[in-house]
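Form predicted alone, single chain, as structure tokens, below.
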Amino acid sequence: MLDASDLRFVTALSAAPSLAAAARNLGVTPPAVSQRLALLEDRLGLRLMDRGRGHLRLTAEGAYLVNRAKDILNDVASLADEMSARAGRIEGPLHVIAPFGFGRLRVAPVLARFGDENPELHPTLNLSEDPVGAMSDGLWDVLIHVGRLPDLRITQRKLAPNRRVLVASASYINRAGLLQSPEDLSTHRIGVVRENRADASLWPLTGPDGIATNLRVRPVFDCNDGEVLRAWALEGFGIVERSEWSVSADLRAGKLVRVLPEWSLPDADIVALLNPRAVRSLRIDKFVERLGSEISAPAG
């Protein structure tokens, strides 16, 4: 009476706000979706969806079917993954979410190499300025995050340590002068990255005596992409806060210099979050293991 294609169909319908949206997601026409839904309802003798003014709403019977369908499809996927793991195969979809800069420069190359080595793998990378917010749609397996996290009660694996540092170009420091204390920042040009809905102008600094202070800075330039901010610092625009992974090569090459090196910012370790609703599989475990081993090595 029902097969796996029917279960995938009703699950796709339940996730769409309208028949037209469902048709786009399924790659068919709205009349085709409407006809298939009607035939399925006739076959079951039950009404599964209310269609009011273009919107879809599950009936009680439809909601029951969708919930059971998700469980069954997850069980089938889990069984397929278990058999692939037993055979040592890395295959299937792998959905990864990562921040713009770190995702583009460090995650994407590793994912590409991992996919090239495993031709049956189908990777998807979603870059977002708010990776934690992007978790809400549920369509992900691994989320890479840089920085402090709320208590998400999700399995997290630390991939690499990462400090945050204040940096500027040598040309800017030569022009604007050395800083002796955090209070000196008020007389300098400051740039901040605005991402993850964080308060970018509040810098928590800890001095060499271990005493912490929250310093409010007044930015004169900002961007939602940290790598753009790094490039501006290299051009001599001013002082910025950046992750160690982003500027370590520039510091070694002398293109950037540490500002207030005796003062520290909170660490921003690189972690992988594993979707509790995703089927745990060999491809997820092996990718996270591979990513951790590669990003632990300094870039550049």
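For every residue, the number given is its place in the sequence shown, counted from 1. This is a predicted model, so every value here is computed, not measured.
The same protein also exists as the form predicted together with the DNA; that form is not shown, yet it is the one meant from here on.
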| query | finding |
| --- | --- |
| Partner-facing stretch of 22-30, 237-245, 263-271, 250-258, counted where any non-hydrogen atom is within 4.5 angstroms of the DNA in the model of the complex | 22-30 |
| Contact test in the model of the complex: residue 51 vs the DNA, heavy atoms, 4.5 Å | yes |
| Heavy atom of residue 5 within 4.5 Å of the DNA in the model of the complex | yes |
| 4.5 angstroms heavy atom contact with the DNA in the model of the complex for residue 11 | no |
| Contact flag, residue 36 vs the DNA in the model of the complex, heavy atom cut 4.5 Å | yes |
